[in-house]
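There is one chain below, alone, in structure tokens, taken in the form predicted alone.
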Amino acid sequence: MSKVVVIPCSGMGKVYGLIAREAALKVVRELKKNEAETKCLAYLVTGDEEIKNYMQGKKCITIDGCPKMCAAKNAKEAGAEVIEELKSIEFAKEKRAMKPGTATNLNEEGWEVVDYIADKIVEIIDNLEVK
């Protein structure tokens, strides 16, 4: 199985964007480094041909920080098979962590949400491997 591509929000200046990016990095650098990778959303948004060709048919999990869903929309437009569209703010609500820090620094609540999202992504990938 090829690696699952995890595309986080690039919401710079937003705490939920930071949570999305940290969760993606935790998955690809620590928890599932042999089964997952990430690509830069900015390349997808700008229509970079190399990344668009790479993303064709790739299984993809997106993590968005706001209702605009830029990661999910752009991954689909690039030809990826988006198997899960996650929203970091929804996970913060589930964890009752509505003050997770700032756009540049997460507090303990914020890091708990990062771990929660990363665990959810691992679960999704593990379920793919079982099928």
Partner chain sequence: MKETKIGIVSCSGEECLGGTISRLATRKVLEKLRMGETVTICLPLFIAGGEEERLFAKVFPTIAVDGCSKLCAMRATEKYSGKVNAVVNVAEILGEEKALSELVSLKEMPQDYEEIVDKVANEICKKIDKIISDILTKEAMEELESQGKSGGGCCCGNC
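Numbering follows the first chain given and starts at 1. Remember, predicted model here, so these are calculated numbers, not experimental data.
What comes next is about the form predicted together with its partner chain, which does not appear here.
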Against its partner chain in the predicted complex, would Phe91 count as a contact residue? Criterion: heavy atoms within 4.5 Å. no
With a cut-off of 4.5 Å between heavy atoms, is Lys120 one of the residues that contacts its partner chain in the predicted complex? no
Met55, heavy atom within 4.5 angstroms of its partner chain in the predicted complex: no
With a 4.5 Å heavy atom cut-off, would you call Gly79 a contact of its partner chain in the predicted complex? no
